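Here you get one chain, nothing else, as structure tokens; it is the form predicted alone.
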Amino acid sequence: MTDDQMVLRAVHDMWESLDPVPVDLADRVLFTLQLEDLEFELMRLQEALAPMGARGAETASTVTFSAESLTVMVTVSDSGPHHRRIDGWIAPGGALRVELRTPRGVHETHADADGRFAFAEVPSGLVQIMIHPTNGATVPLHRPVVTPPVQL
């Protein structure tokens, strides 16, 4: 091994111990690349609040995503040993089509006029929410808006 290779190996080992690559990084990238409609606006994670109700049997976490065109707040709570419930609010509110992507398939619902939506039993694992432009909705979207994949 040359001196350069030994230095590169030492740098590699240092970063592996200080900041290792997340175990699920490849899965998240592949999950995102599976989007059929690549013309979308990607939301940013704004805020993730710690689990609530830590003393009780139920737990919930709230996550907020934002994009230029809208904001989505999502609360995730337990819905069984391997399932979660997702309650979401879109702001500004509007009756938009909401899609929940999972590795096992796509679930779809419509938000009400105030922007509320829910998915009752979502299997644990990677999920991604996609909000579509919808005819008649008061919120004018020009293209779908997508959250980054998150692990439930």
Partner chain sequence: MTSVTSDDTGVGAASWERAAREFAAWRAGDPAGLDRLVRLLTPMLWHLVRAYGLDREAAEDVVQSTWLALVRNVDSVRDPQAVLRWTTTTARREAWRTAKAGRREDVAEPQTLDAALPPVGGPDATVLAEGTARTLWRHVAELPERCRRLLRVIAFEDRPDYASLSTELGIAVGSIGPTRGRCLDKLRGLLAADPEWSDRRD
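This is a predicted model, so every value here is computed, not measured. Numbering follows the first chain given and starts at 1. Just so we're on the same page, rigid core means the largest C-alpha set that superposes within 1.5 Å between forms.
Heads up, the form predicted in complex with its partner chain isn't pictured, but that's what we're talking about next.
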Tell me which stretch of 108 to 116, 24 to 32, 79 to 87, 92 to 100 has a heavy atom within 4.5 angstroms of its partner chain in the predicted complex.
24 to 32
4.5 Å heavy atom contact, residue 69 and its partner chain in the predicted complex
no
Does the 4.5 Å heavy atom contact test between residue 104 and its partner chain in the predicted complex come out positive?
no
Counting only non-hydrogen atoms and a 4.5 angstroms cut-off, does residue 17 reach its partner chain in the predicted complex?
yes
Is there a non-hydrogen atom of residue 120 within 4.5 angstroms of a non-hydrogen atom of its partner chain in the predicted complex?
no
Is residue 140 among the residues whose Cα moves by 2 Å or more between this form and the one not shown after superposition of the rigid core?
no
